[in-house]
Structure formats: C-alpha cells, structure tokens
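Okay, so we've got the same protein chain twice, two forms, each given alone as structure tokens, structure 1 and structure 2.
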Structure 1
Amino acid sequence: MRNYEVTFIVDPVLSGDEIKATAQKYVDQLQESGASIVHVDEMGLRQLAYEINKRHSGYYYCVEFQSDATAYLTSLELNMRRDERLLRFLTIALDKYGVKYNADKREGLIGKTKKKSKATADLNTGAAAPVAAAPKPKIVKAQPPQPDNLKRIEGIGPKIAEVLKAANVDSFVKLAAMTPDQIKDLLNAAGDRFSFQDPTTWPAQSEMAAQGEWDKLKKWQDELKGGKVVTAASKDEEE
C-alpha cells in the first residue's frame, strides 16, 4: 500500500467539540474508502505564517495513512476544499524516508541534538577516557489503535456508533465477538429510541469487516434492509 499524509488547519473560532468532529469526519472518510490510519497527530493551536480568512492562528491536524485507492484522494481534497471549517490543507505522498522520519519522530528520535562525547574530547587532549556508563533503555510508548468506523456496518448510524463506543465496543473485532442479545441489551439500556433496532446481522457483518472481506460484505449489505435480512414474508408485506 502507498503511504500518504494530509495536514489540515481547522478554523479556531469553532468549539473544541466542533474542531474534533471536523477532524474525525476526515478520519472516518479515509477509513470508509479502505485506507488504513497509521497515526493521527493533533498538533494543536498554532500561529499562522500569514493571515487566512482574517484568522491569525489555526488548529492543526496531521493524519498519516496507507491506501491503494489513489482515485479517492481527488474526492477527499474536493471535500476539504468545499469545507468552510478548514483554512488550508495539504496532501503529500510519503517515500520510505518520509515514513521512517514520521516513525522516528513519534518515538522521540527526531529533534534531539547529539552532544560531543567526553571520550572524544579526552582523546583530543590526550587524557584517558573513562568507561562510559551503559545507556538507559529507551521506553517507547505504543500508539493507541485507531477505533474502527462502526458506521460501515449496515444498520449502525452515528448515534448507535456512539452508544457502542461508550460501552467500549469500538472495533469490528469486539462487535463480532458479541451476540445479538448482548448488543440488544446495550441498545435497550441507551433508551427507547434504540430499542427497536435489530442487531441480528451486526456480529456477522463485523466479522467480515475485521477480516477485510469488504467486497463480500458489500454484496451482502446490498441484500439487507436497515441491517436486517429481507425475508419472503417481509417482501410480501411491502407489496
């Protein structure tokens, strides 16, 4: 898969929730296109180099991702160009050096200056070099995995996705491991507005999604209605 990163600046006059929702919108769109999110860097509020739309600062985000669907980038950039919440954006393709640079930066290896060792200085002055102490092992914090876009499951909308995430069901794997009755209990606990949902097919759909069987899932979803299997009886009722 090819590696890319898109950096965009969100209008700082928006509320904190609106800024995060704007960024999450494009993360979701990338995942829906089949892209794999490598890292989302919330860079925070920064001063602009020049005034944009009467703004002197902006909220920066950088999303690194992998994708083979290069045609989708045109659609992504068109959506960003039309989004009045964004001040600027830039999408670039990363070569192997760019990928390594980003990985090293996340691990804290970029931006540190190397000091001249005392041993080298002693050699230059003729003094005996002391035995260097063993370096302390570097602790690298693992990046938390990005949550899956549960709205790709037929029958799950934004509100239901929030209900599931609130219950720590934020991945296709976790949803696939649940039974329809367990999902139904979560929906009932969230209120009457969710109690009419039928999650019968959600675990099976999630299993396909977790295994990357998107073509197979799409074909099945075309036969579903609101996430439910269409039976002969239901067809007769509609007619």
Structure 2
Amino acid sequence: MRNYEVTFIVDPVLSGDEIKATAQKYVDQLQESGASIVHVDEMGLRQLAYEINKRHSGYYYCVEFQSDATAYLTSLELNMRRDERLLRFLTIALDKYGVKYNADKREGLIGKTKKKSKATADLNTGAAAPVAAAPKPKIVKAQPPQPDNLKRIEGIGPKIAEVLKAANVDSFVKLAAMTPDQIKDLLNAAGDRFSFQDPTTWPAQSEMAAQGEWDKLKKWQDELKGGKVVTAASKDEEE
C-alpha cells in the first residue's frame, strides 16, 4: 500500500463551481481506479511565483491517496495534461516520513511551539499542550534554598568549602557565628593540609556577606592577603 500525493493548480478565471467541479472530477477518477482517498486539501487561491499561461494566481488542490496498483497513474496524468483548466500538476510518492508528516499536520502537531501554547485546548491534541505548559510552571516554582557560596570569603577555596559543607556549615550566617578556633578545629579534623590556613578573619567576612554588604567585603578583601590581616609592620616593609 503506497501513499501518493498529487498537487494541481486549477485556472482561477473559472467560476467557483467550475473549479470545484474540476477538482472533483479527478478525485472521482482516482476513486474509480481503485485508490482510497486519504485527504483532499483545498489550499485555495494563491499568488503564483511567476506567471503561467498569463495568469498570476491559481487555485491549489492537494489530494493524498493510497493504492496498490499504479497503472492508472499514467492515464490520470495524461488527462490532467490534456485538461485546459489545469495549469500545473505534480504527482509524488510519499515515503513513510512524508505520510507521518501529513498525518501530524492534519492533527495540528506541526507548527511553531508558540502557537501551541497560546492555542485553545480544542485545537491541540493531548501531546502538544502539556509539552508547552510544562516549562512555565517550572519557572514559577520557587527556587529551592541554595547553600551560600562560601568561596566568596577570602581564604576559602573549593576544598575548604567542601569541608565546611560536610560539617554542615553551609551559610554565611553559620560561619559568622563560629569563632576562629572552632573553625581551626574543623580544619584540623579534616586534614593536615588545611592546618596552615588562618581563619581569623573568616567569621568577620562571613558576617558582612550574610548581611549582604558585598562592597564593604570586597574593599576589605583587597586589603587582606589570603584572608590574613596584614600587620602594620609588614605593611611598612612593603612601602
């Protein structure tokens, strides 16, 4: 069972009835030859891209049909060629993707997604509507509370942030509440490589961060080197 599609253009100068009669003639001829008509698409009056027989517009029809025997196609095309009321015709065989495409198009599944989400429910099939609707509620849903980015504290890199997170210190507020000694104990417990870090300033920094005073924090961080407060003595040496 192969699917075929014949598209033809009827002369527009004919009256509406004559146009329909012409199209109907070929549909009937197909049915008599043993084809089952899948769909007749009246594409309507369209502007031609170039003039044919001195005409600038034409009435388009597209007939999709299914059949096994194909001997009648040559005689069908011959009749179309001889008919003065047809300007052009084109018969093609549809592969399975073409058949699916046409079926989807009739259902309204083909088209820009914008249209699908705006269109009312009666136009859409069940598949199209939820796809378009799903993204919207996702965005509206509140963001889950995320742990603060402790790396913004000078002196805390990715590894130390992990250690703190494991110890359930995942927000600036919590870090601000700890004393430097507590933090040092934490670091020592996590491993030797962390012992040389000096967390003296971390609680103060995280307090600023917790209150959202990022400008103040940044200014201070520019003064700090590696999170350590530069003593007055060494500062003099540098100058």
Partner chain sequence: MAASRDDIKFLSNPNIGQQRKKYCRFRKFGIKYIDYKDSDFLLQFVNDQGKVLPRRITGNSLKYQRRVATAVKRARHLALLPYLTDLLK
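Here, a residue number simply tells you its place in the sequence of structure 1, counted from 1. Note that this is a predicted model, so its numbers are computed, not measured. Superpose the two forms; the largest set of C-alphas matching within 1.5 Å is the rigid core.
- Both panels show the same chain in isolation, but it is structure 2 that comes from the form predicted together with the partner chain.
- G157 is among the residues whose C-alpha shifts by 2 Å or more between the two structures once the rigid core is aligned.
- In the core-superposed comparison between the two structures, the C-alpha atom of D181 has shifted by at least 2 angstroms.
- With the core held fixed between the two structures, A204 has its Cα displaced by at least 2 Å.
- Core-based superposition between the two structures puts the Cα shift at K218 at 94.9 Å.
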